[in-house]
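As a starting point, one isolated chain is supplied in structure tokens, in the form predicted on its own.
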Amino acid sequence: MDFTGKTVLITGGSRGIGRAAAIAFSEKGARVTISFRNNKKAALETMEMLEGSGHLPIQADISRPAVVQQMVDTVVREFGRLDILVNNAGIFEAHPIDECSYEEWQESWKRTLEVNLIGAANACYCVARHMIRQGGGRIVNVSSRGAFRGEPGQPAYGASKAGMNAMGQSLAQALAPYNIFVGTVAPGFVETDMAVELLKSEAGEAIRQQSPTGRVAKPEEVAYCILFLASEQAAFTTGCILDVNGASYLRT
């Protein structure tokens, strides 16, 4: 998997899976742009971890359509092209239907869908328009096991990721004639900042035992799968959803 000379945009790239993917792409020769919403310190720390030079951090709230367009245009203007998009940015917030108010319920659904699904869809649109003009590219979406297994306490999250899966498959069909290939990774629990407190709690051991390996994924393991789907050799996997959950949830 050689990405020398390739330009990669990773949304939500300052921590967790996004950071691991940014490091991995840079080690394989890519020029990496990461977007971050608020945590500039984490973004700059990620920049220091990247191999090579010419990498770029961009502050962007992908729930805002105009900001997404500006982010993509900035990358293309800076590097002349955009070869790979990794839709990784996402939020995960609790809103159990039997506990939250109607107002809280609506707000959680709105926030979650705006970032996890609509923001990703807008990024796909803006990037695809450039990729069509340049003759091809790769899009990799970061979904979740929750799209299949269910998220009873965070139903908007599960729904947003299920929507991302369907979007990726639809775009794989729409964009293949333009030499643009779309893949999706669907991780289970991952050792990230988002999950660390839960994994340290009393529920942590039960979560680890969901997998016969007795553990959860490392961000680097998910990053490897992202790089595989973004590689030239994986073009014919377009439309696939790759489970990265340690056999904690099996589907047919």
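Residues carry their position along the shown sequence, with the first being 1. This structure is a prediction, so every number in the text was calculated from the model and none was measured.
Only in words, not in the display: the form predicted together with a small molecule, which the text now covers.
- Using a 4.5 angstroms limit between non-hydrogen atoms, residue 89 touches the small molecule in the model of the complex.
- Although the partner is absent here, residue 17 is a contact residue: one of its heavy atoms lies within 4.5 angstroms of the small molecule in the model of the complex.
- In the model of the complex, no heavy atom of residue 183 sits within 4.5 Å of the small molecule.
- The closest heavy atom approach of residue 61 to the small molecule in the model of the complex falls within 4.5 Å.
- Only one listed stretch (120-128, 173-181, 141-149, 100-108) carries heavy atoms within 4.5 Å of the small molecule in the model of the complex, and that stretch is 141-149.
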